[in-house]
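Encoded as structure tokens, the following chain is the form predicted alone, with no partner shown.
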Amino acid sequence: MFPPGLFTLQFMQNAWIAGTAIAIIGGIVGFFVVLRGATFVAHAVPRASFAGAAGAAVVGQSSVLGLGTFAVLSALGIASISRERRHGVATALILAAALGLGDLFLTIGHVYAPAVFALLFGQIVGISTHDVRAVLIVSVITVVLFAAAFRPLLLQSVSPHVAEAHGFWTRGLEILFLLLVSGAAAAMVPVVGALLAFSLMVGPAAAGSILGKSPLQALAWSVAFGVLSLWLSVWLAYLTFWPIGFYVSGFCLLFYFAARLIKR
């Protein structure tokens, strides 16, 4: 059931640590993504950060640094040209521009196909110890920001006008939310890829919102579903040598339908 090396090999230890970290912040940030109906933002920011990783490869820098830079820039770009939580047009424009830049960077940088594949679909068993440290740092910063602004951010997510009446700077909270999404994206993309980070930020949170009877319960369910999805995916990917992204997206969908059945 637990084959040799599943927990003892260095690359598998890196996979467990980095995977658990991104599952936790995915559940936390995903809770607000689902609550605010901002799934398009969660879909777009990881893909926009892909361009940063491609650009970092061109200039010989760390892909994690490029991911983080473009994730933050895309979040700030969405915030600067959107109005009152209406991110649709702004998100689409930023995403299109970032994908165009990514195409340019891949062309002039002659990035090899395996590197592109790893950026798009992740390579959890290939993540280095250095990258694990970077993922942990980004994860800790994201969790600290979340904990510091949980109550005002929750109120602003549910009723921005009430939050404004209580004296909260709603525009600043909106920017903070987008920065939380960018932080989660920067941590997730090296592990599960730009195309699959969306699964961990939406699937577990959507299931948690169904089962949770309060915000804290929904948040707890979201994190639990995210961590369980990642752990099961790592285990099965090690046993079968199938891509981990297949299992992550599958378990996220499975938990969502299971939550709906339980609720009924």
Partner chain sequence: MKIEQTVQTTPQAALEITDLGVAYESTWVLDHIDLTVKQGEFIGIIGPNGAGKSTLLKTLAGLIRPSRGEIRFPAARGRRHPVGYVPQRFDLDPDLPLRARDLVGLGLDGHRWGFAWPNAQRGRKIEQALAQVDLTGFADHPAGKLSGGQLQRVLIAQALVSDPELLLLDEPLSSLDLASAQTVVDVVHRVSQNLGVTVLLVTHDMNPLLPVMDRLIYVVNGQAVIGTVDQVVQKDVLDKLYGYDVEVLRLHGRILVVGDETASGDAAGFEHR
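Here the rigid core means the biggest group of C-alpha atoms that line up within 1.5 Å when the two forms are laid on top of each other. Only a predicted model underlies this, so the values are computations on that prediction, with no experimental measurement involved. Residue numbers count along the first chain shown, from 1.
Form predicted together with its partner chain: not shown, discussed below.
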{"item": "Segment that reaches its partner chain in the model of the complex - one of 52 to 60, 231 to 239, 65 to 73, 214 to 222, heavy atoms within 4.5 Å", "value": "214 to 222"}
{"item": "4.5 Å heavy atom contact, F121 and its partner chain in the model of the complex", "value": "no"}
{"item": "Non-hydrogen atom contact L176 with its partner chain in the model of the complex at 4.5 angstroms", "value": "yes"}
{"item": "Close approach of V202 to its partner chain in the model of the complex, 4.5 Å, heavy atom", "value": "no"}
{"item": "4.5 Å heavy atom contact, D131 to its partner chain in the model of the complex", "value": "no"}
{"item": "Sole residue of I81, A147, A97, I137 within 4.5 Å of its partner chain in the model of the complex, by heavy atom", "value": "A147"}
{"item": "Sole residue of L101, L155, L93, I141 within 4.5 Å of its partner chain in the model of the complex, by heavy atom", "value": "L155"}
{"item": "Neighbours of its partner chain in the model of the complex among 17 to 46 [non-hydrogen atom within 4.5 angstroms]", "value": "F31, L35"}
{"item": "Cα displacement of F150 between this form and the one not shown reaching 2 Å, rigid core superposed", "value": "no"}
{"item": "R133: Cα shift of 2 Å or greater between this form and the one not shown (core-aligned)", "value": "no"}
